[in-house]
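Here you get one chain, nothing else, as structure tokens; it is the form predicted on its own.
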């Protein structure tokens, strides 16, 4: 399998590692503002020893907590970066997320006027920090270190308040955590779906090579094998390396500032759990398979993670999920169990929609089909492109983040619970914004006119979702008057520099000439 050497010691760890999968179920997201250039640089310099890189961890000595940082356009401006450098950043980044609300579909309940108070601050957010930890104790310990460094700035660097949690709206940070059941973290989110099953796999990432199945770009081989996938090009996710066009992605100057860096989208997404369950229960009364089948058709997977294209019935999906969990438990103690677990893992992620082009199993408009078409946009035209993913390989994004809040009252949507969604890629416009505008809030590429993603679309109660039928005895089913299930509560665009670039910013060494 072709690969590419990249300097993982110079790349921030949250780019190449989805920390939740590495045993870091607790997180805290913090936002800062600089009131003095030198104080801001000194704070960043002090943070450098704490920043977690992408280098592989010793098996028995992973860190108890990780720390990573990123900057807004205004933050870089307040750190004194030269005008020529600032003007070399992409327009969408310099504008910021609020200014792109129309493109993103952040209207109505999701309008920036409805966001958490921190996003209404009179002055701009300048810096983002994430702390991911193995335990709450480790999280608090790392947070205290950050607070000690912050005190050294004598108020010239401030931590911004204004996050909501149900009781207050002036919290100093956004807490996030995997959902725990019986004291153990789970991969589920508040709607009950298993989340984060596959993530893009790219050259040089240092991840498990098996992750290329379902995570790479599809070839014309068997999708349940390594021959069915190839790693995506590094430049889709990290600046300074060739992308899928075999060219270097557009990047700010000087080169050392952008090299080994990338861009990150941060969004706080509130999940209306009551509205969601009320809707699928109501519509499910008339749909074969009931509410759970409706939920599966909307997502493209059953809530236990089994893909519809391979497991069209709930019974098949449950049987697979039980075998999968059993093999996962045995994998740590048995070579036979490990082998079987790897086989089932490949099956869970290794599929495409080549045998379901009409959507009779997984609807054309289902969420997973929109977010990652897996080559299905060829629409059955034999060998239309050199690779079946030619139309969607350049739209892939690395997903990071965790759920936040708890559903304390399932009979109300008023609680504070949802997902902190972070998307990483070298082009906010080409990757995240395109997917959000054209695939989530529009359906033309899937021959669905203006139909929206049933789960994430900015619905107004007038939209419908079509579940394709497969025969005269199984006609299409229409889910009418879909309400908005997910609303935006805040967000911003950030630049994630490499370690060399962070040192250059701290030491005022950015020279674009």
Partner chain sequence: MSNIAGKSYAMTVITPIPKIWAWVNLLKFWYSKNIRKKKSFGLQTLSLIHYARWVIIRPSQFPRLSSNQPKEDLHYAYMLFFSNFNGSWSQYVDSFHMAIPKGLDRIWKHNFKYPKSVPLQPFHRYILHNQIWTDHYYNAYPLASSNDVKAAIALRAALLEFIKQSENMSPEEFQKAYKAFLFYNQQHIAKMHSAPVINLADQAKVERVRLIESYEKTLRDEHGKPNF
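Positions refer to the first chain, counted from 1. Keep in mind it's a predicted model, so treat the numbers as computed, not measured.
This next part talks about the form predicted together with its partner chain, which is not shown.
At a distance of at most 4.5 angstroms from its partner chain in the predicted bound form, none of the three residues 138, 194 and 343 contributes a non-hydrogen atom.
Contact with its partner chain, judged by heavy atoms within 4.5 Å in the predicted bound form, is confined among 285 to 293, 247 to 255, 165 to 173, 72 to 80 to 247 to 255.
Mapping the unseen interface onto this chain, residue 411 falls outside it, with no heavy atom inside 4.5 Å of its partner chain in the predicted bound form. Within 4.5 Å of some heavy atom of its partner chain in the predicted bound form lies at least one heavy atom of residue 434.
Within this chain, residue 450 lines the site of its partner chain in the predicted bound form, having a heavy atom no more than 4.5 Å away. Among heavy atoms of residue 124, none comes within 4.5 Å of its partner chain in the predicted bound form.
The contact residue chosen from 275, 438, 198, 188 relative to its partner chain in the predicted bound form is 438, the criterion being a non-hydrogen atom within 4.5 angstroms. Along 89 to 105, residues 95, 99, 100, 102, 103 each place a heavy atom within 4.5 Å of its partner chain in the predicted bound form.
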